[in-house]
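A single chain, nothing else alongside it, follows as structure tokens in the form predicted on its own.
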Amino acid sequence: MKKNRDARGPFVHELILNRDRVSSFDTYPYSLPPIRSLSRLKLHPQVTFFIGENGSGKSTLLEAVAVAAKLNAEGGSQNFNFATRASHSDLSEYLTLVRGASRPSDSFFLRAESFFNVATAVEGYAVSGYGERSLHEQSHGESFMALALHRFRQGGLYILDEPEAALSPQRQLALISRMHQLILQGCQFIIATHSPILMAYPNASILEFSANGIQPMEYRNTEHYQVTKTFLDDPERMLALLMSS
């Protein structure tokens, strides 16, 4: 498949934390090692993965990127303005997105944990483009795929927070296929994930959030890949070790 001639990405080249404006790095989320050490962070023009343990700060930074891109903190597009709980940090106020020469024709922030609220807002706003069936009349995984298949379109910036949360392994493979279609049409993805399936997307940038800050990683060097492979290679042995204690 040839790349669409109308493709305009990448849209965000780099993130800059304006450190001189942060009053204290001893308070959350600035005290998190990846945020504390952040100055500039380059993004891949097509796919960037944020990976790391729970609480490492990857979703916090992803949320800040989404808000800095004028997207709703709980998910949705720039036209969504609902808020069920004011829980997002002020990190976006100190974050600069270094943009490309062109602007995305579409953008969307998918948060697995608050997607129910987005689906409710879709019905409340009576907007179209999400498929023929109501998102609430589908399973969580079906509604995620309906979003990717029907709502995402060429030339878009898509920020996804743990999209694998509702997806079976087969659906994760289907999401990779859909992502590839969209990337060939000039889309850019920034994704926080734990999924070794999703992060296998070829030539993507994988950035690991840890106590050492944010470091680029090769796919097969990630803990996600190594732990999963070790388990699947010999599940009986792994289970015996886990249950021996």
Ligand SMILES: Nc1ncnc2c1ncn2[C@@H]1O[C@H](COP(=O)(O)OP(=O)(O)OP(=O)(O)O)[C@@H](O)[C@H]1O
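Position 1 is the first residue in the sequence shown; the rest follow in order. Worth saying up front: this structure is predicted, and the values here are computed from it rather than measured.
The same protein also exists as the form predicted in complex with the named molecule; that form is not shown, yet it is the one meant from here on.
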| query | finding |
| --- | --- |
| Close approach of residue 32 to the named molecule in the model of the complex, 4.5 Å, heavy atom | yes |
| The named molecule contact in the model of the complex: residue 185, any heavy atom under 4.5 Å | no |
| Heavy atom of residue 219 within 4.5 Å of the named molecule in the model of the complex | no |
| Close approach of residue 36 to the named molecule in the model of the complex, 4.5 Å, heavy atom | no |
| Stretch from 50-58, 199-207, 37-45, 175-183 whose residues place a heavy atom within 4.5 Å of the named molecule in the model of the complex | 50-58 |
| Whether 14, 99 and 152 all lie within 4.5 angstroms of the named molecule in the model of the complex by heavy atom | no |
| Residues in 151-170 with any heavy atom within 4.5 Å of the named molecule in the model of the complex | 162 |
